[in-house]
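To begin, one chain is listed below as structure tokens, in the form predicted on its own.
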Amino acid sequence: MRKTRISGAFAGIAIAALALTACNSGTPGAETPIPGETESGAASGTPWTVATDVTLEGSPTFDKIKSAGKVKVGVKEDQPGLGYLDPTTNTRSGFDVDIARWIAASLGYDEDKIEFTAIPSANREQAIVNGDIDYYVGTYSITDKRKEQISFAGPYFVTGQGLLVAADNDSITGKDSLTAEDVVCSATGSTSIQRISAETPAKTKEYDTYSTCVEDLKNGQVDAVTTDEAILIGYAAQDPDKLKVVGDVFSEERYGVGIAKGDTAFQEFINTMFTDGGEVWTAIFEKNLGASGVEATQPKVDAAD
């Protein structure tokens, strides 16, 4: 079972192979209350508590949430260990999903007041701009181009781009081994597919979801799938006889929470939550990704835009 090296700027970002149901080593509560959080203990066995009497001046997003009486969150649902919807039980799980739940709880909204919507990568900015969702949490890399349309809170996680290939593929060993004959697949509009196009001679193929790329890989329709290695290792763990992750990571991807552009009050609220909620962050990581045996370090958040 492959593990990513942890060094330098990527300290604490690597994740070894994950099972869909990661072991839960416990759910400690945060010692320092996050904004608006009560100290009554975690609800429903979660590492966070649902806040009461939350006020947030100057945030159009919070005003909208309060008026609607619910939180609308954009997520992924095809990424094991990160954002996954079980088709049998219809339950959501994953590190990103729990980060989204933690934010909602800090605003005063429990699970029954969260409306999750799966948003394809190419449509994320537009969904935020249109107000279809209040925020987005789903392996969403912070980039200057995206900041032209939206704002980000975080980062709450850091990883790097990698390659997933068939288990019997010995010719692709990393980014530099890709040739003009290779076809690499990723999500439409993702930074990963843009980097492959710009830095390698390989052909590209794009779909709305990574899971479709993985099915093409298994069927021999593409030669590799590329995205953040945290995602790829989850797929390899599901089917290790057919899939493997190769080479070293070749980027730094900083996951942020996508929010409406210019909502500085909401941005600072989430960033304060991350900064003060280290124990909650660690518990969420251990619950969803701790089975890897890799220790992760919570990254420091960025200054407000």
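Computed from a predicted structure; not experimentally measured. A residue's number is simply how far along the shown sequence it sits, counting from 1.
Only in words, not in the display: the form predicted in complex with a small molecule, which the text now covers.
Student: Of the listed stretches (162 to 170, 198 to 206, 132 to 140, 101 to 109), which one has a non-hydrogen atom within 4.5 Å of the small molecule in the predicted complex?
Tutor: The contacting stretch is 132 to 140.
Student: For K113, is any heavy atom within 4.5 Å of the small molecule in the predicted complex, or not?
Tutor: Taking the distances in the predicted complex, the answer for K113 is no, it never comes within 4.5 Å of the small molecule.
Student: Can D263 be called a contact residue for the small molecule in the predicted complex at 4.5 Å between heavy atoms?
Tutor: Heavy-atom contact with the small molecule at 4.5 Å: absent for D263.
Student: May I ask you to state whether Y210 is within 4.5 Å of the small molecule in the predicted complex, using heavy atom distances?
Tutor: Y210 belongs to the contact set for the small molecule.
Student: For F269, is any heavy atom within 4.5 Å of the small molecule in the predicted complex, or not?
Tutor: Result no; F269 lies far from the small molecule in the predicted complex.
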